[in-house]
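The chain that follows stands alone, in the form predicted alone, written as structure tokens.
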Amino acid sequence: MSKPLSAETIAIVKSTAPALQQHGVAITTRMYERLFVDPAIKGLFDQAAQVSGEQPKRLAGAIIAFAKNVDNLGALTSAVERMATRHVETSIKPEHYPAVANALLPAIKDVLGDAVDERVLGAWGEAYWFLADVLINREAQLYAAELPDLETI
């Protein structure tokens, strides 16, 4: 498990919730544009949900919920479980998380421009990897549960 988020990171992430509320779908739409330059990653996603705008809306909602509850992660338990389950269903692996970070953080800057400085991006980078670690660990448990007990084979 990763180290707890710093008080400064929590404060910065929480302070961005209003901007995310207003621009969240634009940020996630831009993130997917950046992410999908890699055809292998694009193939992991339901393109119908992209075209309809449903997936960018869902992800924006998850990011906003995370920003609002970054100091109360227990409130996100069921959302984390749904995301981890969906990630396992779609074969998301730990090696996919850097690509998302490399698309999401610049997308925040692309959309919010000068309202975002290096401190904000640094805080979101720390928060992203904290949440990614939570998801990766839960996904590992779910993947392991799918494997047969090798001792009985």
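Residue numbers here begin at 1 and follow the sequence given. Because the structure is predicted, anything quoted here is derived from the model rather than measured.
In what follows, reference is made to the form predicted together with protoporphyrin IX containing FE (HEM), a form of this protein that is not presented.
Taking non-hydrogen atoms only, Thr90 approaches protoporphyrin IX containing FE (HEM) to within 4.5 angstroms in the model of the complex. In the model of the complex, protoporphyrin IX containing FE (HEM) lies within 4.5 Å of some heavy atom of Val100. Though the partner is left out of this view, Tyr128 does reach within 4.5 Å of protoporphyrin IX containing FE (HEM) in the model of the complex, counting heavy atoms only. Looking at Leu135, you'd find a heavy atom of it within 4.5 angstroms of protoporphyrin IX containing FE (HEM) in the model of the complex. Every member of the trio Arg58, Met83 and His96 reaches protoporphyrin IX containing FE (HEM) in the model of the complex with some non-hydrogen atom inside 4.5 Å.
In summary, among the residues Ala62, Leu112, Leu105, Ala123, the only one with a non-hydrogen atom within 4.5 Å of protoporphyrin IX containing FE (HEM) in the model of the complex is Ala62.
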